[in-house]
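Form predicted alone, single chain, as structure tokens, below.
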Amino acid sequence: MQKYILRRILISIPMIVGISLITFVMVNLAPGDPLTAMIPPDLMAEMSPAQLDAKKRQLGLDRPMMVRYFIWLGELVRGNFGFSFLSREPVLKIIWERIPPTLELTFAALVIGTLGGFVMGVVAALKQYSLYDYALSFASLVGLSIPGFFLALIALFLFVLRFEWFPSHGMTSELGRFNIWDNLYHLVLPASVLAIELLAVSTRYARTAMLEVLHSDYVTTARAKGLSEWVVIGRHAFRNALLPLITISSLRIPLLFGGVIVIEQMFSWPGMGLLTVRAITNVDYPVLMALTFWVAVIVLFSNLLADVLYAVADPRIRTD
């Protein structure tokens, strides 16, 4: 198992390097001065044009792009992501403050979408062709068809304006004061809206996987041995039906990070999605470059976690 995890980590390293290269090239092709993003603002104010030119030569910014990429990669390894064009704060500090809200929102949506979808899909498979099965299939189709931004508008209109059940924005009611229950109260609506598409996908795949497993030979054999239905489902069918869900959930994580940009903007959730929109609006390239890199790392880590969970659920795929 340890060798399997180590191999997956080693495979992820060249992918991270490739993502960093693409990110660097894209940002360098856009308008902007890389020197401004690498020198602290207070030091920049004290430097003359001649000193700036000397610093540019010292940092290798007068060299070809590939040489500059390796210089930037070295700064990246040391934790220097540059400084924001807009606020002049270190980019790492800005992103570090925004990662926890985004992870909280994304994780909540992932839990709601995955666990909720799996439970409803399994029940639909056990009650195949029932009224519940048909209603759930129709609801899943609707959930897949409605865009996230439109669903957010409906949720804001119904649950905020009409019924006033949930707050419309933010993580807490009072700025600067954190309360876990107040935070969960603010989290319910945006997390539920973000989870709808994953919930619909998980429901459909869980139903299909469970139906396939229930009609397999080993389940038929287990029933023929006289085992109770709960033992057959819980011990033999459940674990094998779980495998496709792990794959689907891991593949949906990048889409969750894409959808979180819209949801955070509409609910004013102070995470990386809202920061991305503001960085694009203000043409803050250092922040955009760092955000792209961090999101790629998070997505790769989630895929690695999915591979590990898959190996735990199905020992046959492990290789020594």
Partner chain sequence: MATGESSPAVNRESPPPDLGDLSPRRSSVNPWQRFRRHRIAMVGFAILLFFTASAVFAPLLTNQDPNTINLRLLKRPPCWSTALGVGSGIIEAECTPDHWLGTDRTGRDVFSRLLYAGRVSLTVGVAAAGLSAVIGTVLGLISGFFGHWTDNVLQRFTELIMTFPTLFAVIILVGIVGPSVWNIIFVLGGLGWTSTIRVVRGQVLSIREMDYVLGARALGASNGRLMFKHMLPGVMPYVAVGATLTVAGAILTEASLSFLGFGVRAPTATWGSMMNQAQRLFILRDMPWLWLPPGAAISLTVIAVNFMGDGLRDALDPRTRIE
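Everything numeric here is computed off the predicted structure, so don't read it as measured data. Residue numbers count along the first chain shown, from 1.
Keep in mind the form predicted together with its partner chain is missing from the figure; the text below concerns it.
The partner is not drawn, yet in the predicted bound form one stretch among 74 to 82, 110 to 118, 218 to 226, 204 to 212 has residues with heavy atoms inside 4.5 Å of its partner chain: 204 to 212. Though the partner is left out of this view, Val142 does reach within 4.5 Å of its partner chain in the predicted bound form, counting heavy atoms only. Proximity of Asn179 to its partner chain in the predicted bound form falls outside the 4.5 Å heavy atom cutoff.
Remark: Phe138 counts among the residues lining its partner chain in the predicted bound form, judged by a heavy atom distance of 4.5 Å or less. Remark: Ile22 counts among the residues lining its partner chain in the predicted bound form, judged by a heavy atom distance of 4.5 Å or less. Residues are counted as partner-facing when one of their heavy atoms sits within 4.5 Å of its partner chain in the predicted bound form; in 136 to 161 these are Ser137, Phe138, Leu141, Val142, Leu144, Ser145, Ile146, Pro147, Phe149, Phe150, Leu153, Ile154, Leu156, Phe157, Leu161, in sequence order.
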